[in-house]
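First comes one chain, alone, set out as structure tokens in the form predicted on its own.
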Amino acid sequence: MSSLRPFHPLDLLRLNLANLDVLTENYDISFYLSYLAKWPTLMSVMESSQGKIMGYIMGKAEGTAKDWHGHVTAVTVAPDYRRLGLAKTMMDELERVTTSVYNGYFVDLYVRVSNEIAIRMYEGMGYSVYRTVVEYYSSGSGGGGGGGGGGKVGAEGEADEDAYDMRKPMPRDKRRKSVRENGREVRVLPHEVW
């Protein structure tokens, strides 16, 4: 049994199980707290009946005009709790809040092009690739974040990696202008992304 609840600052001391994954970005405490202060309704945790954090999601509202949207900064589930639908539950809540609280046109997220399992999961939730952000993830970074490495090669000889900007239209986007058919072919540089 698990329950979805709002993220609390003390949860930062209990994220280890969920953050022990090479594809999960680990942020410093001030980053989490800044999100919690600005967008508390877009941060949730999944907690087991024993009080263990099984996963969490953090997001924000950003953009202007027709680009006003919810953004998934991080969603992660501890390895022992995967394939139980927890990520979908957390994503559904973020989408609900994006619609009901922020009245966003869409929800977006970034995912490494090599993370095929996550891409399939997001596609199963109704997300599609809007564009490819060239060299968004630096070779030394984990799963989230990014910002473009500019073609550098990391210490292990790994080149920077592209990201897919995946989007799902919300009810406000009645004409579905926030999505496109050929997103994998549309390539942009990190500085071209707001």
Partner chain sequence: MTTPAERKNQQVWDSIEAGAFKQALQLCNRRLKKGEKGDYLLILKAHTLILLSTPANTSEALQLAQQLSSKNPAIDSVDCLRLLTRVWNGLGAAHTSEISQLWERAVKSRPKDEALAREWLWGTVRSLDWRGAQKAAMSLQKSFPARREYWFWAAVTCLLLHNSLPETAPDRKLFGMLAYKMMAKSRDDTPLDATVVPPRAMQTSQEVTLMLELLAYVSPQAANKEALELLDSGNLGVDSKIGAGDWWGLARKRLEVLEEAKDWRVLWEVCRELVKDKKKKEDEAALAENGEKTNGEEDAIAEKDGAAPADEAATKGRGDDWLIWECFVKAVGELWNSGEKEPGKAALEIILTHCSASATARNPNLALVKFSSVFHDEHGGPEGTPTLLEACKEYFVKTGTKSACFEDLKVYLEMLEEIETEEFLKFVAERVSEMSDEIEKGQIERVAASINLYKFIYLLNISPMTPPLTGEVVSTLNEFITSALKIYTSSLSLGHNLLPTDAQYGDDAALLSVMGLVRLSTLSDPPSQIPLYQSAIILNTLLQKSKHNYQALLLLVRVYLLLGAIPLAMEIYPRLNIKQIQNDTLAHFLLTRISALHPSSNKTEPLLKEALKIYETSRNQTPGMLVLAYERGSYAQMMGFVEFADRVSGSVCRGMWEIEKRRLARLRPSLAAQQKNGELMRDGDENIWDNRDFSVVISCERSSQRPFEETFRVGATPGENWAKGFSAVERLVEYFLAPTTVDNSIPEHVLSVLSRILTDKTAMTEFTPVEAEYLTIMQQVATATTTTTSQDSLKSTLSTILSSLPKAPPETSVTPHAWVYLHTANVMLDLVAILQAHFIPHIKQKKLTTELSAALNGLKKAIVTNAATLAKEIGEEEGSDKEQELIDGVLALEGVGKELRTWGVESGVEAVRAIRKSLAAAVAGVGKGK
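Numbering follows the first chain given and starts at 1. This is a predicted model, so every value here is computed, not measured.
Beyond the structure shown, there is the form predicted in complex with its partner chain, which is absent from this document and is the topic of what follows.
S.K.: When the contact criterion is heavy atoms within 4.5 Å, does W39 count as touching its partner chain in the model of the complex?
M.R.: Within the cut-off, so yes.
S.K.: So in the model of the complex, does T64 come within 4.5 Å of its partner chain, heavy atom to heavy atom?
M.R.: Residue-level check for T64: no, no contact with its partner chain.
S.K.: Might L17 be said to contact its partner chain in the model of the complex, defining contact as any heavy atom within 4.5 Å?
M.R.: Because a heavy atom of L17 falls inside 4.5 Å of its partner chain in the model of the complex, the answer is yes.
S.K.: Whether L86 contacts its partner chain in the model of the complex should be assessed with a 4.5 Å heavy atom distance threshold; does it?
M.R.: Yes - in the model of the complex, heavy atoms of L86 and its partner chain come within 4.5 Å of each other.
S.K.: Would you confirm whether the three residues P9, S30 and E93 all fall within 4.5 Å of its partner chain in the model of the complex, going by non-hydrogen atoms?
M.R.: So, yes: the whole triplet contacts its partner chain.
S.K.: Check each residue of 171 to 190 against its partner chain in the model of the complex and list those with a heavy atom within 4.5 Å, in sequence order.
M.R.: Heavy-atom contacts within 4.5 Å come from P171, K174.
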